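Given as C-alpha coordinates, the chain that follows is alone and in the form predicted on its own.
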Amino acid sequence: MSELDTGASRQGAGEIARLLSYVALLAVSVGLFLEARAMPTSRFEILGAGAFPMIVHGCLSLLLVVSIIGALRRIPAAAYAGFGAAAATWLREKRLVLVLFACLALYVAAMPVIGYPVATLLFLIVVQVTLAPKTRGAIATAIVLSLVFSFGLNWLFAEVFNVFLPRGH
(Lines give C-alpha, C1' and ligand atoms only; values in the text may rest on other atoms or scores of the structure.)
Protein backbone atom coordinates (compact mmCIF):
# COMPACT_ATOMS: atom_id res chain seq x y z
CA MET A 1 0.00 0.00 0.00
CA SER A 2 1.50 3.30 -1.01
CA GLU A 3 1.67 6.53 0.96
CA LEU A 4 -1.06 8.01 -1.23
CA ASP A 5 -3.41 5.05 -0.58
CA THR A 6 -2.85 5.32 3.19
CA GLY A 7 -3.63 9.05 3.12
CA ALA A 8 -6.80 8.50 1.10
CA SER A 9 -7.88 5.72 3.44
CA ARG A 10 -7.36 7.90 6.48
CA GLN A 11 -9.24 10.77 4.84
CA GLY A 12 -12.17 8.44 4.07
CA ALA A 13 -12.15 7.11 7.63
CA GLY A 14 -12.10 10.69 8.91
CA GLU A 15 -15.08 11.56 6.74
CA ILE A 16 -17.01 8.55 8.05
CA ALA A 17 -16.17 9.55 11.63
CA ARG A 18 -17.35 13.09 10.88
CA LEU A 19 -20.58 11.67 9.41
CA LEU A 20 -21.18 9.59 12.55
CA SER A 21 -20.61 12.65 14.74
CA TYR A 22 -23.16 14.60 12.67
CA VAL A 23 -25.69 11.81 13.09
CA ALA A 24 -25.12 11.68 16.86
CA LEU A 25 -25.46 15.46 17.15
CA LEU A 26 -28.63 15.34 15.06
CA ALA A 27 -30.14 12.75 17.39
CA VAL A 28 -29.33 14.90 20.43
CA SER A 29 -30.66 18.05 18.77
CA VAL A 30 -33.93 16.37 17.75
CA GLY A 31 -34.31 15.02 21.28
CA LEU A 32 -33.80 18.47 22.77
CA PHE A 33 -36.23 19.95 20.24
CA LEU A 34 -38.87 17.45 21.38
CA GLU A 35 -38.13 18.24 25.03
CA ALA A 36 -38.55 21.97 24.30
CA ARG A 37 -41.96 21.26 22.75
CA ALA A 38 -43.07 19.75 26.05
CA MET A 39 -42.31 22.93 28.01
CA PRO A 40 -45.50 24.42 29.41
CA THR A 41 -46.80 27.75 28.16
CA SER A 42 -48.18 30.46 30.35
CA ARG A 43 -51.13 32.67 29.63
CA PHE A 44 -48.86 35.73 29.52
CA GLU A 45 -46.63 34.59 26.66
CA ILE A 46 -48.04 33.28 23.43
CA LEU A 47 -44.95 31.43 22.22
CA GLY A 48 -44.06 29.81 25.53
CA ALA A 49 -40.76 29.05 27.17
CA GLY A 50 -39.85 26.39 24.61
CA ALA A 51 -40.01 28.67 21.56
CA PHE A 52 -36.39 29.81 21.58
CA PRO A 53 -34.89 26.34 22.21
CA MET A 54 -37.14 24.96 19.45
CA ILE A 55 -35.88 27.59 17.01
CA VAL A 56 -32.25 26.92 17.94
CA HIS A 57 -32.54 23.14 17.72
CA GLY A 58 -34.66 23.30 14.58
CA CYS A 59 -31.99 25.39 12.84
CA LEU A 60 -29.23 23.17 14.21
CA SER A 61 -31.05 20.06 12.99
CA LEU A 62 -31.44 21.56 9.54
CA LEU A 63 -27.73 22.43 9.39
CA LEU A 64 -26.82 18.93 10.54
CA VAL A 65 -28.99 17.33 7.84
CA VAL A 66 -27.22 19.47 5.22
CA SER A 67 -23.86 18.47 6.74
CA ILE A 68 -24.81 14.79 6.66
CA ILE A 69 -25.71 15.03 2.98
CA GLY A 70 -22.41 16.78 2.26
CA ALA A 71 -20.43 14.18 4.20
CA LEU A 72 -22.16 11.35 2.36
CA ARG A 73 -21.17 12.93 -0.96
CA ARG A 74 -17.49 13.29 0.09
CA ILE A 75 -16.97 9.71 1.29
CA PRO A 76 -15.30 7.50 -1.30
CA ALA A 77 -16.86 4.06 -1.70
CA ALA A 78 -13.61 2.29 -0.78
CA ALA A 79 -13.46 4.08 2.57
CA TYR A 80 -16.18 1.97 4.16
CA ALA A 81 -14.11 -1.24 4.21
CA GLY A 82 -11.10 0.53 5.71
CA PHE A 83 -13.25 2.23 8.28
CA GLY A 84 -14.69 -1.06 9.52
CA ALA A 85 -11.22 -2.50 10.12
CA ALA A 86 -10.03 0.72 11.77
CA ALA A 87 -13.12 0.85 13.98
CA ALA A 88 -12.62 -2.77 15.07
CA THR A 89 -8.99 -2.03 15.96
CA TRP A 90 -10.00 1.10 17.87
CA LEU A 91 -12.67 -0.80 19.82
CA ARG A 92 -10.15 -3.51 20.72
CA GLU A 93 -7.62 -0.90 21.90
CA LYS A 94 -10.20 1.06 23.93
CA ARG A 95 -12.05 -1.91 25.46
CA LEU A 96 -11.19 -0.91 29.05
CA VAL A 97 -12.60 2.57 28.51
CA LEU A 98 -15.77 1.05 27.08
CA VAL A 99 -16.04 -1.35 30.03
CA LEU A 100 -15.65 1.60 32.42
CA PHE A 101 -18.43 3.56 30.69
CA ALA A 102 -20.69 0.49 30.69
CA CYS A 103 -20.05 0.04 34.42
CA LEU A 104 -20.77 3.72 35.03
CA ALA A 105 -24.06 3.49 33.12
CA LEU A 106 -25.09 0.42 35.11
CA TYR A 107 -24.09 2.16 38.34
CA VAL A 108 -26.20 5.22 37.58
CA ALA A 109 -29.16 3.04 36.56
CA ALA A 110 -28.85 0.76 39.60
CA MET A 111 -28.41 3.42 42.29
CA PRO A 112 -32.10 4.42 42.58
CA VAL A 113 -33.09 0.74 42.68
CA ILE A 114 -30.56 -0.81 45.07
CA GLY A 115 -29.33 2.31 46.83
CA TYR A 116 -26.05 4.19 47.08
CA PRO A 117 -24.07 1.85 49.36
CA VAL A 118 -24.68 -1.39 47.48
CA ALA A 119 -24.44 0.18 44.00
CA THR A 120 -21.21 1.98 44.90
CA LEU A 121 -19.73 -1.13 46.48
CA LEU A 122 -20.41 -3.21 43.38
CA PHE A 123 -19.27 -0.47 41.00
CA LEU A 124 -15.99 0.14 42.82
CA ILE A 125 -15.18 -3.55 43.19
CA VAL A 126 -15.83 -4.30 39.51
CA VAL A 127 -13.90 -1.27 38.25
CA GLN A 128 -10.95 -1.74 40.58
CA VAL A 129 -10.64 -5.47 39.91
CA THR A 130 -10.92 -4.80 36.16
CA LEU A 131 -8.22 -2.12 36.12
CA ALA A 132 -5.89 -3.24 38.94
CA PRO A 133 -3.31 -6.02 38.83
CA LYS A 134 -4.77 -9.44 39.58
CA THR A 135 -2.91 -10.06 42.84
CA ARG A 136 -4.30 -10.94 46.26
CA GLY A 137 -3.05 -7.66 47.72
CA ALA A 138 -4.64 -5.57 44.97
CA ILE A 139 -7.96 -7.39 45.29
CA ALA A 140 -7.92 -7.04 49.09
CA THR A 141 -7.16 -3.32 48.75
CA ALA A 142 -9.98 -2.97 46.21
CA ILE A 143 -12.45 -4.63 48.59
CA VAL A 144 -11.39 -2.47 51.56
CA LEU A 145 -11.53 0.75 49.53
CA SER A 146 -14.91 -0.23 48.11
CA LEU A 147 -16.32 -0.83 51.58
CA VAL A 148 -14.92 2.46 52.90
CA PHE A 149 -16.14 4.54 49.98
CA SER A 150 -19.57 2.94 49.84
CA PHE A 151 -20.78 2.21 53.36
CA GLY A 152 -18.29 4.56 55.04
CA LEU A 153 -19.30 7.58 52.97
CA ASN A 154 -22.95 6.69 53.39
CA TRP A 155 -22.48 6.66 57.19
CA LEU A 156 -20.49 9.93 57.07
CA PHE A 157 -23.14 11.75 55.08
CA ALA A 158 -26.03 10.38 57.15
CA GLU A 159 -24.54 10.84 60.63
CA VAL A 160 -22.24 13.84 60.29
CA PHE A 161 -23.78 15.94 57.51
CA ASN A 162 -27.35 14.71 57.96
CA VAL A 163 -27.63 14.18 54.19
CA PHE A 164 -29.19 10.90 53.14
CA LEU A 165 -27.93 9.28 49.97
CA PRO A 166 -30.29 7.16 47.85
CA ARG A 167 -31.44 4.08 49.77
CA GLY A 168 -33.12 2.18 46.94
CA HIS A 169 -36.56 0.64 46.76
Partner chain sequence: MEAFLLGASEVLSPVTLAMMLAGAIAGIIAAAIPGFTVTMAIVLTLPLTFTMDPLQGISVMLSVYVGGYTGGLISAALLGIPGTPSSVATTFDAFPMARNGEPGRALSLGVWASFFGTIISTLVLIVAAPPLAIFAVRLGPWEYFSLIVFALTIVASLVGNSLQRGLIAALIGLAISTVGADPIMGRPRFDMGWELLAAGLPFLVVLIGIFAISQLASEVEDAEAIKRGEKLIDGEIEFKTWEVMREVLMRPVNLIRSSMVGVAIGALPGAGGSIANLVAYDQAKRASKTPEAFGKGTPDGVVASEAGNSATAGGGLIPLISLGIPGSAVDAILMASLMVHGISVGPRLIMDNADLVYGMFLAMAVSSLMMLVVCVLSMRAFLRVAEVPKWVVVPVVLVCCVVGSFALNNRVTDLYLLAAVGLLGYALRALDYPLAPLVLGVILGPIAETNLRRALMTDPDWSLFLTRPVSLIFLVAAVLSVAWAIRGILKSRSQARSGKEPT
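Numbering follows the first chain given and starts at 1. A quick note: this is a predicted structure, and the numbers were derived from the prediction, not measured.
A second form of this protein, the form predicted together with the partner chain, is not displayed here; the remarks below concern that form.
Contact flag, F149 vs the partner chain in the predicted bound form, heavy atom cut 4.5 Å: Because a heavy atom of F149 falls inside 4.5 Å of the partner chain in the predicted bound form, the answer is yes.
Can any non-hydrogen atom of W90 be found within 4.5 angstroms of the partner chain in the predicted bound form? The answer is yes: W90 has a heavy atom within 4.5 Å of the partner chain.
Within 4.5 Å, heavy atoms only: does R73 come near the partner chain in the predicted bound form? It does not: once the partner chain is placed as it appears in the predicted bound form, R73 has no heavy atom within 4.5 Å of it.
Even though the partner chain is not shown here, does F157 get within 4.5 Å of it in the predicted bound form, heavy atoms only? Yes - in the predicted bound form, heavy atoms of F157 and the partner chain come within 4.5 Å of each other.
Taking only heavy atoms into account, state which residues of 139-164 are within 4.5 Å of the partner chain in the predicted bound form, ordered by sequence. Heavy-atom contacts within 4.5 Å come from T141, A142, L145, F149, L153, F157, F161, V163, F164.
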